[in-house]
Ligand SMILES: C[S@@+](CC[C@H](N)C(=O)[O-])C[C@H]1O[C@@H](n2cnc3c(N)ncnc32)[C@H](O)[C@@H]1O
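Below sits a lone chain in structure tokens, taken as the form predicted on its own.
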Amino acid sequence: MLQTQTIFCGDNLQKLRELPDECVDLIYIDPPFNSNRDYETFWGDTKEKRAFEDRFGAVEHYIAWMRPRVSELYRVLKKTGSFYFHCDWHADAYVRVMLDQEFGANGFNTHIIWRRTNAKGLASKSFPNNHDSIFFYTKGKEHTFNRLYLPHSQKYLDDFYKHVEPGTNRRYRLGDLTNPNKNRPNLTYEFLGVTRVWRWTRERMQEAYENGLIIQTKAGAVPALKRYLDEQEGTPIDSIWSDIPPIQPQSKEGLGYPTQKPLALLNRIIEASSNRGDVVLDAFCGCGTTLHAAQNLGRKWIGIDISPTACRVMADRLIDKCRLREGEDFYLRDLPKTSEQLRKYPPFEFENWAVTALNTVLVNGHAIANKAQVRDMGIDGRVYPATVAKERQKGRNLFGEMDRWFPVQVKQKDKAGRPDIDMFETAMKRQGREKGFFISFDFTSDAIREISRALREEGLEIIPVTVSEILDEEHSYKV
């Protein structure tokens, strides 16, 4: 059975191979761009930076890495399904060739240009690259497509919808009722004193006139059809999308996640190429914008990302923004489960996992990881008492109560030693904390002795927590 409303943590190539054939209605992916640049992003209120790289080196290596994933995405896509690949100018030409090979040239539908920023770098000897490419492919001719429209501009309304109908105040423009084919004797007749070759029969013209749909502005003028503004659908959306701004640092929507795409962009793609109840897949989920949009629009969804941090971010987003309950309304699967797996994770990913997973063994407390990797002053997270954590999640300002927290230090070591404990003691004293949690795979005997001494002589309570204790969930620690 296809498991939807689920975030899978792991390599998407492996996860995709576990999905059945032709089970998904719409796929959107925003994979790493091979753009050879570092992303500097601010996480949270601390304004601390950490660097993201999306470089793969030579383009051929990037395409070789992407190709088997695109093949699997093609396999799981229904014959009536649609596929969107989001990329930028660094590799879009090579991506287009690969997609033609995988989907067939006839599978190509539209090259969408998303203008994501205004012109920058005007001092350079080139035109600024200010757009992304979104390649829209389909697997068959009978794919879902819902035509979307934008509201008319005010200038367009002022230029064309100049007339207002008395009594109803409905705005309208005048439409031509004459027939472009002049060789239509059966449609040539006099109407309201004007002889023309008309589009409609005399009977239809008379009925429309009696219903107030035809107007003659003055005697002898050619009758015209009223085209009401409120009956028009707007301007059809074409392949140039310049009306959706990117996520800005000050945006309320922004999560601080690198390469985050605006919700409006995914809303448009999902509304155009799926219907309520359809299954939407994002195999490079990032911060979960696709899942957020799909949930809001009544679609089923599947998300995949290799980063436990990203999976936690998107899960928290679904909880906060969509009011979903983890474990009931949606599921987070395949987070690392063994010490061996965790030893292979990058330090920042491990720190995020450790602090978040600490919640499984806490009693009356909630742990939150720092949104920064550097300049954390020896503190990787904070544990709040349950009452404070609950109010904090509601966004309430508790003034002095918000100062009730306990630091968390994480070391991805086989055994944390006394120097590690000494440094944590210094960080606790600097922050004025008398209690803290230290997570590692294990601790040396010197570290345990120092923890005992600090409590006995200085009143500093350091609670050592091992990774195995978290994984086993057989221990509990009171806050």
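Note that residue numbering begins at 1 and tracks the sequence as displayed. Treat the numbers as computed from the prediction; the structure is a model and nothing was measured.
Keep in mind the form predicted together with this ligand is missing from the figure; the text below concerns it.
- For the candidate set R418, K415, K435, R69, a heavy atom within 4.5 Å of this ligand in the model of the complex is found for exactly one residue, namely R69.
- Put simply, of R312, K261, R382, H143 only one has a heavy atom within 4.5 Å of this ligand in the model of the complex, and it is K261.
- Among residues of the shown chain, D30 is one whose heavy atoms approach this ligand to within 4.5 Å in the model of the complex.
- I306 belongs to the set of residues with a heavy atom inside 4.5 Å of this ligand in the model of the complex.
- This ligand in the model of the complex comes within 4.5 Å of a heavy atom belonging to F284.
- The closest heavy atom approach of Y137 to this ligand in the model of the complex falls outside 4.5 Å.
- Contact with this ligand in the model of the complex, defined as any heavy atom within 4.5 Å, is confined among 354-362, 205-213, 319-327, 288-296 to 288-296.
- In the model of the complex, this ligand lies beyond 4.5 angstroms of every heavy atom of every residue of 233-254.
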